[in-house]
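Taking the form predicted on its own, here's one chain by itself in structure tokens.
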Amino acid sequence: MPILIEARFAFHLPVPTDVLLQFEAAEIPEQKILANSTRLSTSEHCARVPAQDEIGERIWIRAEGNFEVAYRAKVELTRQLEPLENFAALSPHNMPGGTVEYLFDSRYCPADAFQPFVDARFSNLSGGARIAAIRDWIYDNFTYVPGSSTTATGAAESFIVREGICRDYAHMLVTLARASTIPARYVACYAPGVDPPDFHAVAEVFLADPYTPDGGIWQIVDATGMADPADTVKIGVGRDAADVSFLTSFGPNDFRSSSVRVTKE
């Protein structure tokens, strides 16, 4: 069943400023873009560049004054999905080179510091079974509280206060997965059922593909419980939120408004 997406946001740039945008559904094998429309305000410069891991595109603009973005898309998903418990872990030496960076600490995900915790709490589990247990632990122990965190909040702070938004839940899962020697990345996405409706964030982990000897596969995991992986439309991926913000301003920026609507056709 196709997913329908409508997103709008607006901001004001008091002086000529470079801004990097990433808000469109990615055209990748598991996602077919059936229709899409992007409308941007007039700008001095506008150019598309590939995003992280060649998943999606970023848009560079240079503009001044009021700027608005309006995006609509219809996306069909064909994603390989099974219960996480069906996926084993891959030994590090069998992991492809592109996954290695997702084992390391990043700005918001200090995985090394959490190795004692995962060893103590999840020592009897491995692979997808461990990821499922981590997901459930975050869901059971965190409270979803809009406005409770900022762009400076990382997994270490979230672990202490045990509350946050989807961004914080994703950072926590990525951190604990990496601490378990399982590659994990942050995924910016659209998904129906997100409350309040907004740009959403989930995690994605790399596990052994049960149908490909010595192969691996990325699997979406949402610790908030709001997004069904079967209905989740990827915008982009990265080490953490810093890599896939829908708006990164390299100068002063007054963010004015945002609205997102995601439904099933």
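The numbering used is simple: start at 1 and walk along the sequence shown. Everything numeric in this text was worked out from a predicted model, so none of it was measured.
One more form of this protein exists, namely the form predicted in complex with another copy of the chain; it is left out here, but the text below deals with it.
The listed set Ile217, Leu40, Met226, Ile61 contains one residue whose heavy atoms approach another copy of the chain in the model of the complex to within 4.5 Å, identified as Ile61. For the candidate set Val194, Met95, Ala133, Leu77, a heavy atom within 4.5 Å of another copy of the chain in the model of the complex is found for exactly one residue, namely Met95. Residues Leu20, Asp105 and Arg121 are all found to lie within 4.5 Å of another copy of the chain in the model of the complex, as judged by heavy atom distances. Shown alone here, Leu125 lies farther than 4.5 Å from another copy of the chain in the model of the complex, counting heavy atoms only. In the model of the complex, another copy of the chain stays beyond 4.5 Å of every heavy atom belonging to Phe255. At the 4.5 Å threshold, heavy atoms of Glu85 stay clear of another copy of the chain in the model of the complex, well away from it.
Taking non-hydrogen atoms only, Pro210 never approaches another copy of the chain to within 4.5 angstroms in the model of the complex. Here the chain stands by itself, but in the model of the complex one stretch of 50-58, 217-225, 66-74, 30-38, 50-58, has heavy atoms within 4.5 Å of another copy of the chain.
With contact defined as any non-hydrogen atom lying within 4.5 angstroms of another copy of the chain in the model of the complex, the contacting residues in 157-187 are Phe159, Ile160, Val161, Arg162, Glu163, Thr181, given in sequence order. Relative to the displayed conformation, the Cα-Cα distance from Ala88 to Asp214 grows by 3 Å or more in the model of the complex.
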